[in-house]
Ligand SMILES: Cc1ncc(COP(=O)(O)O)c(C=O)c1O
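Just one chain follows, in the form predicted alone, and it is written as structure tokens.
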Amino acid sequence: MNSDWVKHAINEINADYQRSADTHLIRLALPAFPGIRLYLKDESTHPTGSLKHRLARSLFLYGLCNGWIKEGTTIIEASSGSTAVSEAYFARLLGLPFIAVMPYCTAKRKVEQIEFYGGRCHFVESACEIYAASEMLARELNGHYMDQFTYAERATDWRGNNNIADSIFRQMKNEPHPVPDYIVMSAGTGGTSATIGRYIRCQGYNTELMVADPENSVFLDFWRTRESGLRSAVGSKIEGIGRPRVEPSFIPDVVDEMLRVPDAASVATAQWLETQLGRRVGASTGTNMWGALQLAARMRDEGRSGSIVTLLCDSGERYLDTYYNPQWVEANIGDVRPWREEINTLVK
């Protein structure tokens, strides 16, 4: 192994981290929930525009320090888009070739961003095929398959070191209810929910972790049954979250509660959030916020005060052709109007 190149690569990643500021914590003004504060951790402000920037950085450091990534190594990743965008960014930083394996239905904007960073895309028909195709490419090219779905939970230092959980609690310290009653997160790899759940327990906080799961995802059923062989015949329509199989990085025992969120509810909530923030968010953020609103309503009904934190995963500008295209939504998601009405009832 070229130790000088590896040292240089690690230094480049650490220098990039030092050039980046922490992401914002946005407090929503929702008078319908007196005494209950809702917050969005805005991960869209990372250099590559999503929560997955943190994961990509950790995966590259993990691969470098394990000796898996060397000078000239082709990096391959199975992804629905956002992780691949972030990994393409770091691959370009290190001068490495990058290939993203993804379904044909991946948002066009994500494909353009991967190519902007010098990566290329290898398309498959469905989300179920990305794993085998990635392994095949890695063998053929003598490359390294990053495998975010296996390594996400172990590549991140969940004890602290400015991970997302540590950042949330530091930013909350001057708020009226500094220790959140709940943190709400959806799962793609399961790495972020594992980091947050472990951190909460390590620090001794009385915060509960809810994972909101979209349709056609097996995570909720696995959480209930612990049947690791569960499979879904189709993939999630909410890009970036929900999986057709149980991923190794999803750790069910750190999750306190799970909620199934209909796809139409996710899209309707994302569209509603635009009226609150003045900008668009991705549908996975809608999934998260739907879960947060249900918890806020529960706390209100129980006469409780406190705080709820959830994640703004990425910008809606990536999804202008899909979740913000009425024709696409009608054809692929269905009628979201009943869910808009339910949101309006919740928050009025």
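From 1 onward, residues are counted along the sequence shown. Everything numeric here is computed off the predicted structure, so don't read it as measured data.
If you look for the form predicted together with the ligand, you will not find it shown, but the lines that follow are about it.
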The ligand: the contacting residue among I114, A165, M146, M185 in the predicted complex [heavy atom, 4.5 Å]: M185
Heavy atom within 4.5 Å of the ligand in the predicted complex - residue from I241, V261, A88, I76: I241
Full three-residue contact with the ligand in the predicted complex, heavy atom 4.5 Å, for K52, G190 and C313: yes
Heavy atom contact within 4.5 Å of the ligand in the predicted complex, the stretch among 170-178, 232-240, 91-99, 133-141: 232-240
Interface membership of T269, the ligand in the predicted complex, 4.5 Å heavy atom rule: no
The ligand contact in the predicted complex: S217, any heavy atom under 4.5 Å: no
Y39 within 4.5 Å of the ligand in the predicted complex, heavy atoms: no
Any residue of 69-105 that, in the predicted complex, places a heavy atom within 4.5 Å of the ligand: S80, S82, T83
